[in-house]
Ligand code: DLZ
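Only one chain is given next, in structure tokens, and it is the form predicted alone.
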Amino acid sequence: MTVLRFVLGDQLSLDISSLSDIADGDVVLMCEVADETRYVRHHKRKIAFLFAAMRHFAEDLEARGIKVDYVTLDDPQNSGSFTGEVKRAVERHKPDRLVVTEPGEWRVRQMMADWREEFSIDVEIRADERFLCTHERFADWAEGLKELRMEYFYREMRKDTGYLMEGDHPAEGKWNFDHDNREPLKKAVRAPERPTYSVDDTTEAVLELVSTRFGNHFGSLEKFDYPVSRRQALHYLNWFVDEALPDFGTYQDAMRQGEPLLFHSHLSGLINCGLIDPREACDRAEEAYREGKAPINAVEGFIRQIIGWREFIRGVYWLHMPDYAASNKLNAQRRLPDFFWTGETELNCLRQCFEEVRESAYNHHIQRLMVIGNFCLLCGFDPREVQEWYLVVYHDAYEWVEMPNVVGMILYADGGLFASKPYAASANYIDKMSDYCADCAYSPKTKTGEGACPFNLLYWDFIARNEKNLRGNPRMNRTYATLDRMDGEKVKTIRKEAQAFLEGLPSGGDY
């Protein structure tokens, strides 16, 4: 009996459930399809990373004696879709059964729902066991809750997994050491030298393909040096734990011009595509803590990102799709300006982030949330446009992780389903946590008038124009009390100048 086992491009793990019982004679299908490159026009580097990782994974499977049917994007017979390629593989191999691991994205799961009838064979869709929390476990936890709070979910996950636990209690007596992880970067602090990875023949072929087929997509392919194989990914994980993790916690919110990675792991792309299992990342970090090689604030912060935030966001996505995508509780309608694609803006903090993402398809979480995301929130950009931008530009972005982060965390578009308040901030936050403001045309200290930082104007304009939705939120009481004490003429001036800035934004354009 032949089993066709379909492995998606974000399931590059030998431990994926669809391969758990693979037997002699089974065939693994992998395919590069045009539909997945153009449902949004992904960053060139994102496409290259995933195709290179897929091809290296296929080579690893073949080296283990596993039969792989790999369809490249430039195969003349390539149908361009998952459904079309599965259909062709069924015709080629005449399998008795098709086995897949559930996809991460709603649209692909809906596509698979029709395959049993379409292909007239048994189709088995298995749970994705790389995640530590099942859909059922999350739904049970969330049942009856009007608001979902990651912190309480995270504590349950700590108990379930045993990470950083001493019996029934958290290590060193606290669940969360986030208050120790907000230090600005001192001038004398230097990040460790980060490893780079050479381009072999397999990756070179992918880079040539992407350059030819996707030359008009956003982003750059120059200096491509990210891990694309299991061996390289493990090396990168070990480097992070040994060299960067000890200082990651303290400086994880800091930003420095010209140094986009600092102490960040840069592992999210590798975890999300399957080259690194989230458990082994947590295991290595906890091992460093137990051996005294990394402090609790760093290790707890890293593990929280994985078993707390990553699992929580996935749970929110599957619990609230498909309607969640259209959330827009603040009725934000403004289009993204052109400089989100060109990087041509006098706001140096944004320019730095846009230039970095064009080159690397990556920004760290504070750049995404408190610089770019904060600007999107304050300006009132359309949530669907913001979702698409985040999905396009980041190499670790898939809809299940991108959408809840944008809708709920960045834009408060779900009205506070899991964020207790909007993450809105004036220029003071960026000035405190970065050196961006020193090279900017605007002054973070100037509130109105010539040279005033737009973040200062936009912050109070956002608070004023969203008063109907936000006043009454307990975490916004002090903010509205401050607004109430402000001179009325000053508020009018701020709002007038904010409106002038918004109206002067370059009109949204195609990318």
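Residue numbers here begin at 1 and follow the sequence given. Everything numeric in this text was worked out from a predicted model, so none of it was measured.
Below: the form predicted together with the ligand, not depicted.
- Of the heavy atoms in D178, none are within 4.5 Å of the ligand in the predicted bound form.
- In the predicted bound form, the ligand sits within 4.5 Å of a heavy atom of E36.
- Although the partner is absent here, V90 sits far enough away that none of its heavy atoms falls within 4.5 Å of the ligand in the predicted bound form.
- Proximity of D461 to the ligand in the predicted bound form: non-hydrogen atoms within 4.5 Å are absent; the residue sits far from the partner.
- The three residues L8, F51 and P103 all sit with a heavy atom within 4.5 Å of the ligand in the predicted bound form.
- In short, of 479 to 487, 57 to 65, 463 to 471, 25 to 33 it is 25 to 33 that has heavy atoms within 4.5 Å of the ligand in the predicted bound form.
- For the options H169, R107, R335, R231, the residue carrying a heavy atom within 4.5 angstroms of the ligand in the predicted bound form is R107.
- Checking Y289, Y398, W239, F339 against the ligand in the predicted bound form, a heavy atom within 4.5 Å turns up for just one residue: Y398.
- Shown without its partner, the chain has F82 as the single residue in segment 61 to 91 with a non-hydrogen atom within 4.5 angstroms of the ligand in the predicted bound form.
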